[in-house]
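Shown below, as C-alpha coordinates, is a lone chain in the form predicted alone; questions about how it binds or moves come after it.
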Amino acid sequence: MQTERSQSPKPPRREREKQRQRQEILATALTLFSEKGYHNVSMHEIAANAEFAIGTLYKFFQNKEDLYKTLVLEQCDLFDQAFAKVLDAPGDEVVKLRDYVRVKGAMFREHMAFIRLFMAESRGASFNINAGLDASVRQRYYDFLKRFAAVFENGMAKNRFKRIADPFDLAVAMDSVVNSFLLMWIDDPRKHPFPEDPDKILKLFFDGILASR
(Lines give C-alpha, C1' and ligand atoms only; values in the text may rest on other atoms or scores of the structure.)
Protein backbone atom coordinates (compact mmCIF):
# COMPACT_ATOMS: atom_id res chain seq x y z
CA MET A 1 0.00 0.00 0.00
CA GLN A 2 1.45 3.32 -1.04
CA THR A 3 1.66 6.09 1.53
CA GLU A 4 0.69 9.58 0.50
CA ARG A 5 3.01 12.45 1.29
CA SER A 6 1.41 15.29 3.14
CA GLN A 7 2.19 18.45 1.26
CA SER A 8 1.06 21.96 2.02
CA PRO A 9 -1.18 23.24 -0.77
CA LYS A 10 0.49 25.51 -3.28
CA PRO A 11 -0.78 29.09 -3.05
CA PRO A 12 -2.93 30.22 -5.98
CA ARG A 13 -1.12 31.90 -8.85
CA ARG A 14 -2.61 35.30 -8.00
CA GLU A 15 -1.34 35.04 -4.42
CA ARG A 16 2.12 33.99 -5.62
CA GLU A 17 2.19 36.99 -7.95
CA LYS A 18 1.22 39.33 -5.11
CA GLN A 19 4.01 37.95 -2.95
CA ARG A 20 6.49 38.36 -5.80
CA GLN A 21 5.47 41.99 -6.28
CA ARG A 22 5.71 42.68 -2.56
CA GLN A 23 9.22 41.21 -2.33
CA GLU A 24 10.38 43.15 -5.38
CA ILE A 25 9.11 46.38 -3.83
CA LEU A 26 10.89 45.65 -0.54
CA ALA A 27 14.12 44.71 -2.33
CA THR A 28 14.02 47.90 -4.39
CA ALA A 29 13.29 50.01 -1.31
CA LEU A 30 16.21 48.43 0.55
CA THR A 31 18.58 49.25 -2.29
CA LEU A 32 17.40 52.86 -2.56
CA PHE A 33 17.26 53.47 1.19
CA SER A 34 20.76 52.05 1.69
CA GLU A 35 22.18 54.14 -1.17
CA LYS A 36 20.40 57.45 -0.52
CA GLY A 37 18.99 57.31 2.99
CA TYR A 38 15.40 57.02 4.11
CA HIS A 39 14.54 60.72 3.86
CA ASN A 40 15.94 61.07 0.34
CA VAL A 41 13.75 58.41 -1.26
CA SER A 42 10.10 58.81 -2.22
CA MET A 43 7.40 56.24 -2.85
CA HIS A 44 7.29 57.41 -6.46
CA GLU A 45 11.01 56.68 -6.86
CA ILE A 46 10.59 53.21 -5.35
CA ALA A 47 7.69 52.53 -7.71
CA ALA A 48 9.64 53.72 -10.74
CA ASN A 49 12.70 51.62 -9.91
CA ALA A 50 10.61 48.56 -9.15
CA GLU A 51 8.70 49.17 -12.41
CA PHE A 52 5.30 49.23 -10.73
CA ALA A 53 2.53 51.81 -10.75
CA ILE A 54 2.51 53.92 -7.59
CA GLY A 55 -0.91 52.47 -6.74
CA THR A 56 0.61 49.00 -6.50
CA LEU A 57 2.84 50.13 -3.63
CA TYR A 58 -0.14 51.45 -1.72
CA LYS A 59 -1.90 48.12 -2.09
CA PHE A 60 0.80 46.66 0.16
CA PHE A 61 1.94 49.57 2.33
CA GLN A 62 0.06 52.52 3.81
CA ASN A 63 2.96 54.93 3.28
CA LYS A 64 6.75 55.11 3.25
CA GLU A 65 6.95 54.72 7.02
CA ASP A 66 4.93 51.51 6.85
CA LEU A 67 7.16 50.20 4.06
CA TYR A 68 10.33 51.02 6.03
CA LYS A 69 9.03 49.38 9.21
CA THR A 70 8.02 46.26 7.30
CA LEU A 71 11.41 46.10 5.63
CA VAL A 72 13.33 46.38 8.91
CA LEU A 73 11.20 43.88 10.80
CA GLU A 74 11.31 41.28 8.03
CA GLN A 75 15.09 41.59 7.84
CA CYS A 76 15.26 41.23 11.63
CA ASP A 77 13.17 38.08 11.34
CA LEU A 78 15.76 36.59 8.98
CA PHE A 79 18.50 37.22 11.57
CA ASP A 80 16.32 35.80 14.37
CA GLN A 81 15.65 32.63 12.42
CA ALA A 82 19.33 32.12 11.58
CA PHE A 83 20.43 32.57 15.20
CA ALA A 84 17.62 30.44 16.60
CA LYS A 85 18.61 27.59 14.29
CA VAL A 86 22.12 27.66 15.77
CA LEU A 87 21.38 28.37 19.43
CA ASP A 88 18.40 25.99 19.76
CA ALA A 89 20.14 23.06 18.07
CA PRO A 90 21.14 20.07 20.21
CA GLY A 91 24.80 19.56 20.95
CA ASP A 92 27.80 20.96 22.74
CA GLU A 93 27.55 24.56 23.98
CA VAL A 94 31.00 25.58 22.79
CA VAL A 95 30.12 24.33 19.30
CA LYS A 96 26.98 26.47 19.45
CA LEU A 97 29.04 29.54 20.31
CA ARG A 98 31.42 28.85 17.42
CA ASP A 99 28.49 28.42 15.05
CA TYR A 100 26.89 31.63 16.33
CA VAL A 101 30.03 33.67 15.60
CA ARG A 102 30.32 32.09 12.15
CA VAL A 103 26.65 32.56 11.26
CA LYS A 104 26.55 36.15 12.50
CA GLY A 105 29.51 37.05 10.31
CA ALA A 106 27.87 35.34 7.33
CA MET A 107 24.56 37.14 7.93
CA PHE A 108 26.30 40.51 8.09
CA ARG A 109 28.08 39.81 4.81
CA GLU A 110 24.91 38.60 3.09
CA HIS A 111 22.76 41.51 4.32
CA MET A 112 25.28 44.33 4.26
CA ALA A 113 22.89 46.77 2.59
CA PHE A 114 20.42 46.33 5.43
CA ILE A 115 23.11 46.59 8.11
CA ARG A 116 24.38 49.88 6.70
CA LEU A 117 20.82 51.18 6.34
CA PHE A 118 19.84 50.28 9.88
CA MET A 119 23.02 51.72 11.37
CA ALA A 120 22.56 54.98 9.47
CA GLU A 121 18.83 55.40 9.97
CA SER A 122 18.13 53.93 13.40
CA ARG A 123 18.87 57.35 14.87
CA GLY A 124 18.07 59.44 11.82
CA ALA A 125 14.50 58.43 10.96
CA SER A 126 11.58 60.44 12.28
CA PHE A 127 10.37 60.07 15.86
CA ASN A 128 7.08 58.57 14.68
CA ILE A 129 8.92 55.74 12.94
CA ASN A 130 11.29 55.00 15.79
CA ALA A 131 8.58 55.19 18.44
CA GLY A 132 7.04 51.93 17.26
CA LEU A 133 9.96 50.39 15.42
CA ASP A 134 12.57 50.68 18.15
CA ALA A 135 10.33 48.98 20.70
CA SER A 136 9.75 46.03 18.38
CA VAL A 137 13.43 45.70 17.46
CA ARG A 138 14.47 45.95 21.11
CA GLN A 139 12.02 43.20 22.09
CA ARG A 140 13.46 40.96 19.39
CA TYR A 141 16.95 41.64 20.70
CA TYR A 142 16.00 40.85 24.30
CA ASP A 143 14.38 37.63 23.15
CA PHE A 144 17.60 36.74 21.33
CA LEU A 145 19.69 37.48 24.43
CA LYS A 146 17.48 35.20 26.53
CA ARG A 147 17.98 32.42 23.99
CA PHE A 148 21.73 33.12 23.98
CA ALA A 149 21.84 33.15 27.79
CA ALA A 150 20.26 29.68 27.82
CA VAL A 151 23.36 28.35 26.05
CA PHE A 152 25.55 29.60 28.90
CA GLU A 153 23.08 28.37 31.53
CA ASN A 154 23.01 24.88 30.00
CA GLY A 155 26.79 24.87 29.73
CA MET A 156 27.08 25.74 33.41
CA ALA A 157 24.62 23.01 34.37
CA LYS A 158 26.83 20.50 32.53
CA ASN A 159 30.02 21.95 34.09
CA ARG A 160 31.11 22.97 30.59
CA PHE A 161 31.43 26.58 31.76
CA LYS A 162 32.38 28.04 35.11
CA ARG A 163 29.60 29.94 36.85
CA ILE A 164 31.56 33.18 36.96
CA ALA A 165 28.67 35.48 36.06
CA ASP A 166 24.98 35.57 35.34
CA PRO A 167 24.25 33.78 32.02
CA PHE A 168 22.36 36.80 30.70
CA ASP A 169 25.32 39.08 31.45
CA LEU A 170 27.63 36.66 29.66
CA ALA A 171 25.32 36.68 26.63
CA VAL A 172 25.36 40.49 26.56
CA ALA A 173 29.14 40.57 26.93
CA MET A 174 29.87 38.04 24.21
CA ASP A 175 27.40 39.54 21.75
CA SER A 176 28.99 42.95 22.36
CA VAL A 177 32.44 41.53 21.60
CA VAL A 178 31.24 39.97 18.34
CA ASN A 179 29.41 43.15 17.36
CA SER A 180 32.55 45.21 17.96
CA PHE A 181 34.54 43.01 15.57
CA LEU A 182 31.78 43.29 12.99
CA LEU A 183 31.54 47.07 13.28
CA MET A 184 35.29 47.44 12.86
CA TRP A 185 35.13 45.17 9.82
CA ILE A 186 32.32 47.26 8.29
CA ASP A 187 34.32 50.45 8.87
CA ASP A 188 37.54 49.12 7.31
CA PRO A 189 37.39 45.54 5.92
CA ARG A 190 41.04 45.49 4.88
CA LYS A 191 42.45 46.77 8.14
CA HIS A 192 40.03 44.91 10.40
CA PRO A 193 38.83 41.73 8.65
CA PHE A 194 36.28 39.69 10.55
CA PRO A 195 38.05 36.51 11.76
CA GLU A 196 37.40 33.46 9.63
CA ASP A 197 38.14 31.28 12.67
CA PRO A 198 35.53 31.85 15.42
CA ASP A 199 38.04 30.73 18.06
CA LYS A 200 39.99 33.96 17.55
CA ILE A 201 37.05 35.72 19.16
CA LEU A 202 36.09 32.97 21.58
CA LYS A 203 39.61 32.75 22.99
CA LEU A 204 39.54 36.44 23.82
CA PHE A 205 36.27 35.90 25.61
CA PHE A 206 37.10 32.66 27.40
CA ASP A 207 40.82 33.01 28.13
CA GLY A 208 40.94 36.65 29.13
CA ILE A 209 44.18 38.60 29.52
CA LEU A 210 45.06 38.03 33.18
CA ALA A 211 48.42 36.28 33.42
CA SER A 212 48.69 33.37 35.83
CA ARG A 213 50.97 33.87 38.83
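In this text, residue numbers run from 1 along the sequence as written. Note that this is a predicted model, so its numbers are computed, not measured.
The same protein also exists as the form predicted together with the DNA; that form is not shown, yet it is the one meant from here on.
For the options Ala165, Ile54, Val177, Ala157, the residue carrying a heavy atom within 4.5 angstroms of the DNA in the predicted bound form is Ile54.
Residue-level contacts in the predicted bound form: of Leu145, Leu170, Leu30, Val41, one residue has a heavy atom within 4.5 Å of the DNA, and it is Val41. Using a 4.5 Å cutoff between non-hydrogen atoms, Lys69 does not count as a contact of the DNA in the predicted bound form.
Contacts of stretch 61-87 with the DNA in the predicted bound form, defined by any heavy atom lying within 4.5 Å, are made by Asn63, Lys64, listed in sequence order.
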